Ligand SMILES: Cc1ncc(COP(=O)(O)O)c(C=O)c1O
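Only one chain comes next, encoded as structure tokens, the form predicted on its own.
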């Protein structure tokens, strides 16, 4: 009977592409989490994503967004989006290649290039697409992509799509990077997060660039979590480099309070991507409201540097306070603070306790962090007060086991 059952399972797996759905080992964990009301994902928010949000009809202090500069509910950003809809309509109904390039897109690309101190920039509908398109277009089977073990999923997926050989380096181990680059005999692109999205720690970019140049490799730096927060006028870590990386990627869905992504670099490379990158050419254009909101947010970020300063200082206060309370803390260099916890279940229970107490945080589990790890991810914004940070630390120490 057992043999017959095994044969049936094997037969179904061989014939039904949906079998993996029914056999998913994580379904039981998800179902249990939902039954216990501790499932920490897809939480419906009933308000703008400002300093406070409404969840289940109650206000919660928001320590779980990427709204680092506090612009997601800024009246100037909202008004800019409204004006764009009034002038250009709700959408472009096509790709940039065909009918979807507005004057607004070109204006945004010019301002991004100037801000990020690069020759040219290309705007994508999503930050994920920016990495996917760049890696899949510029690299191929004869190339090597070298990256940090904890790079964003969009980098991993772009590398797979490219067909290039992928070499993975231990997290932020630049000595190992140098050693692995020294053994390569093919064109290489080194891809690295400047600030890592879960842990919040940063790379020593000057040293990374020194290593890659010595090896004759090209570089792409993902500034998704540093753009707006770090660097001159918030233009990212790479903008402070005397000899910047070859390519810099950024997103609009964090500090810039919108949705989209950008690749900036030498003009010839950007123009090559503009006509050859399939995830760009065959994707609908970014909608006018998102483009206009991004433009407004960039201008505010430059004009009001106190926002970046405030986001960083509150992150330092939060990281130092949690560390002093005995928690294993990562990050604090930009606006992300990570707290490692025992396992996934402990993380979800802690999340529920904090949410019930009015503190909204995020839970990071595999594949966002290595298998077996779990992290409570907190982020700060320019809107948080010292009292907010102290209240968060106090609530944490009362509810989250060390």
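Positions refer to the first chain, counted from 1. Please read all numbers here as calculations on a predicted model, not as lab measurements.
Just so you know, the form predicted together with the ligand exists too; it's not on screen, but the next bit is about it.
K.L.:
To test your reading of this chain, name the stretch in 74-82, 270-278, 224-232, 110-118 whose heavy atoms come within 4.5 Å of the ligand in the predicted complex.
P.N.:
Of the options, only 224-232 has residues within 4.5 Å of the partner.
K.L.:
Heavy atom within 4.5 Å of the ligand in the predicted complex: which of 260, 147, 158, 265?
P.N.:
Contact with the ligand in the predicted complex is made by 260 alone.
K.L.:
Considering the ligand in the predicted complex, which of 197, 283, 137, 212 comes within 4.5 Å of it through any heavy atom?
P.N.:
Checked against the cut-off, the match is 197.
K.L.:
Does at least one non-hydrogen atom of residue 127 fall within 4.5 angstroms of the ligand in the predicted complex?
P.N.:
Yes, residue 127 lies within 4.5 Å of the ligand in the predicted complex.
K.L.:
For residue 256, is any heavy atom within 4.5 Å of the ligand in the predicted complex, or not?
P.N.:
Outside the cut-off, so no.
K.L.:
Applying a 4.5 Å heavy atom distance criterion, does residue 330 contact the ligand in the predicted complex?
P.N.:
Contact with the ligand, no.
K.L.:
So in the predicted complex, is the ligand close enough to residue 294 to count as touching (4.5 Å, heavy atoms)?
P.N.:
Judged by the heavy-atom cut-off of 4.5 Å, residue 294 is well away from the ligand in the predicted complex.
K.L.:
Considering only 128-167, what residues come within 4.5 Å of the ligand in the predicted complex, judged by heavy atoms?
P.N.:
Result: 128, 131, 152, 154.
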